[in-house]
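Presented below, as structure tokens, is a lone chain in the form predicted on its own.
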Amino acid sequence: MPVLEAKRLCKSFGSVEVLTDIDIAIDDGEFLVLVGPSGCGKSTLLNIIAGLEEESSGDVLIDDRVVNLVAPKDRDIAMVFQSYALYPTMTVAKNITFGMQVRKVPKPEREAALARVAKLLDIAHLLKRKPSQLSGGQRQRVAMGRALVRKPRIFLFDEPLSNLDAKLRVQMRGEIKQLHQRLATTIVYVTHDQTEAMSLATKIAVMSGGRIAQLGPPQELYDRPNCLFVADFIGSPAMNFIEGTIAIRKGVPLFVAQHETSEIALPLDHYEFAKGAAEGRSVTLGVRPEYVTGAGTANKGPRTIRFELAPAIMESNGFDQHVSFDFCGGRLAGRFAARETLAIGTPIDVHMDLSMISLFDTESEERL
């Protein structure tokens, strides 16, 4: 039985519909990440789950009980906000235990819970300080501690790392991951950062325009995106897209595109078509940059095609080189070994592994 469910959930602000027919089911111990661009409705959905916002229609269920009319304090949830929302005049210890004090939890129980959470989050040395005396990462730990002290059924995180610098964000991401592994609790987490989503989630819901574009395990969304939006949003660097058509030659389906004055024909006999390979259909081929490589790192299997292309843009991160080429009227990005000798404008052998490509209908943008 799912711990949390949203059934045909809709939300409108006046005439503006911000959520449409949201259906989600989360099992005990799962880490669900709601990810998408700004304005897609992910924070609104989280607020409805929390009871901070009222749905226009549909139901929210916790442990198979409809909680639409249940107050936030009675839903057995705890929320960590983007802004930390700490009381500036209270010490860390008081911030963490204040909610328990309001609920008249006995002092010995409050102190035991505080000690447990302080040890878990490594903030015992900060308990006498006030929020103004803490760094961003320390404030985030305190905000998490205030949620953890309650031992709720579900944790809700609303972009908790967006105010931190890049290095601290990576560190805190690891700590949240470890926390989930240790406590095995159920988490719903909102972010616009797809790298954050991929590294934390057991299940991802990619949202677009108030709808769920795709829901599933991170690797499934990465390997088999069900539409162009998900394919483009998930992955860094982003997936390459090449416009072309389907041709059937000698019974073999091919992806055909025009590169400068030459025709490019890529075999698709290995591709699992869900909706058939219709002759002349306009399609978009997607290939991840890690499957576009140089001679030194290429997978030279039966699905690998070689081109001679000249680098147009090169960027290095020390570990590898991100290289872009002009290809079939657009840009083709690849990942090359850090010590592979490359020069702008000098043609090199480029190997494209077709074993993990995706094909999308150009008109509907759905996966074929």
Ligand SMILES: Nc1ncnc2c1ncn2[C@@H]1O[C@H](COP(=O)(O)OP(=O)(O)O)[C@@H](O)[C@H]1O
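Numbers follow the displayed sequence, beginning with 1. Bear in mind the structure is a predicted one, so any value in this text is a computation, not a measurement.
Keep in mind the form predicted together with this ligand is missing from the figure; the text below concerns it.
- Residue in contact with this ligand in the predicted complex (any heavy atom within 4.5 Å), chosen from 18, 357, 24, 348: 18.
- Contact annotation: of the candidates 40, 48, 33, 323, the single residue with a non-hydrogen atom within 4.5 angstroms of this ligand in the predicted complex is 40.
- Of the candidate stretches 24-32, 40-48, 305-313, 54-62, only 40-48 has residues with heavy atoms within 4.5 Å of this ligand in the predicted complex.
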